[in-house]
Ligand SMILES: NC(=O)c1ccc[n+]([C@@H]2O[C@H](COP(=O)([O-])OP(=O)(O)OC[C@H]3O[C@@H](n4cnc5c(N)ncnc54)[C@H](OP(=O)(O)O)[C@@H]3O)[C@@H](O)[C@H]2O)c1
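Let's start with one chain on its own, the form predicted alone, as structure tokens.
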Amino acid sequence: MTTIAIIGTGRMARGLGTGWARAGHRIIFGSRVPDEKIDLIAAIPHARVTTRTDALNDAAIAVITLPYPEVAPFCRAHADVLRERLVIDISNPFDHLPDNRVAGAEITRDAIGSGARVVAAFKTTFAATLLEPLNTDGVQRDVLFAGDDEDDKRIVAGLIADLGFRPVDCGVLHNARILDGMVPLIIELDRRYGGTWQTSWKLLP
């Protein structure tokens, strides 16, 4: 069992928290207003909601699910704690980084500073599929991830597999620039072809 701090309480946060709790992990949600998020505790067994600072202090892994503009300020404010933890960044820059010259996760790494351990993951995954790792045809969905440290990536791959997905290692964190660009594209494809937020990227041999 791993203790995971999920920073944020939106749809992605709730989907990941539910899945990992079912897999036996201990989930702590970090919220700006924990008293207003009590419904999370009722919905997810063995999870709790606390402040963002307390969540980080009690966990070995931090998953950042905040809106992109909030990520770097949060990381700078909590850099000392985040440097001692594996950080999974799922945020998507969209038009905040329109030319993809740098990945959002690279900015997250730089905001934390020297010693940061950041893996980009779940960026190309819709919230609606987080608890449905198999599509309607029974095909296992992929989760693409990228990072610089092989040991950290093995941990993230295990967490992805715990949710029932196939982990696909996309290489170094630099390659998250491509993942960031794949997000608006999959949204466009989903809309054009009636995916109803169920579309996934699939690596075929």
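All residue numbers refer to positions in the sequence shown, first residue = 1. Predicted model, so just to flag it, every value in this text is computed and none were measured.
One more form of this protein should be noted, the form predicted in complex with the named molecule, which is absent from this view; the next part is about it.
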Q: Consider the chain as shown here, without its partner, and state which of Gly171, Pro45, Pro67, Gly158 has a heavy atom within 4.5 Å of the named molecule in the predicted bound form.
A: Pro67
Q.
Please identify the residue among Lys153, Arg52, Arg141, Arg177 with any heavy atom within 4.5 Å of the named molecule in the predicted bound form.
A. Arg52
Q: Please name which of the stretches 26 to 34, 143 to 151, 54 to 62, 162 to 170 has residues with heavy atoms lying within 4.5 Å of the named molecule in the predicted bound form.
A: 26 to 34
**Q.** 4.5 angstroms heavy atom contact with the named molecule in the predicted bound form for Ile90
**A.** yes
Q. Looking in the predicted bound form, any heavy atom of Gly10 within 4.5 Å of the named molecule?
A. yes
Q) Does the 4.5 Å heavy atom contact test between Thr125 and the named molecule in the predicted bound form come out positive? A) yes
Q: Scan 185 to 205 and write down, in order along the chain, each residue with a heavy atom lying within 4.5 Å of the named molecule in the predicted bound form.
A: none
